[in-house]
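A single chain, nothing else alongside it, follows as structure tokens in the form predicted alone.
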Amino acid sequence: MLLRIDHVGVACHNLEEKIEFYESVFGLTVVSREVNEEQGVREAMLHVADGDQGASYVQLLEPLHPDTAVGRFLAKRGEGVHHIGYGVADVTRALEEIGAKGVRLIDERPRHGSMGASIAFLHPKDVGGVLTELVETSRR
């Protein structure tokens, strides 16, 4: 079901500063920038590597407002890993299969994600404390 680690989502206070850090320290390149009003974030996707099942990224997330999910995360925990995104072939089918196994779904159906992907989140309390995102890419 899970094809690869699609991305690691990292919450940050200042997107531009974190982009500079990841570019200068790790040599990563920004391949996409978006503002996602629905999720309340300004984000950048930085390319890490390509694999047989698709690419992997670091996703930097800056909240648009303190009362967003990422804003609350930063206030409570500070900067750091916010979630892990796993690539799947069919996010709708993955939701059905995972939900049938008793894992609580934050999203009952897919929604718009970065770079045109279809995404859905699983409840972290049912996934070992890790906010988990399922990602069906649109042929990045």
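From a predicted model like this one, the values you see are computed outputs, not experimental measurements. Throughout, we count residues from 1 along the sequence that is shown.
Quick note: we don't show the form predicted in complex with carboxymethyldethia coenzyme *A, though the next part is all about it.
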Contact stretch among 25-33, 78-86, 49-57, 91-99 - heavy atom within 4.5 Å of carboxymethyldethia coenzyme *A in the predicted bound form: 78-86
4.5 angstroms heavy atom contact with carboxymethyldethia coenzyme *A in the predicted bound form for Ala44: no
4.5 angstroms heavy atom contact with carboxymethyldethia coenzyme *A in the predicted bound form for Asp6: no
Partner contact for Leu131 in the predicted bound form: carboxymethyldethia coenzyme *A, 4.5 angstroms, heavy atom: yes
4.5 Å heavy atom contact, Lys125 and carboxymethyldethia coenzyme *A in the predicted bound form: yes
Interface residue in the predicted bound form among Val103, Leu64, Met115, Ala69, criterion: non-hydrogen atom within 4.5 angstroms of carboxymethyldethia coenzyme *A: Ala69
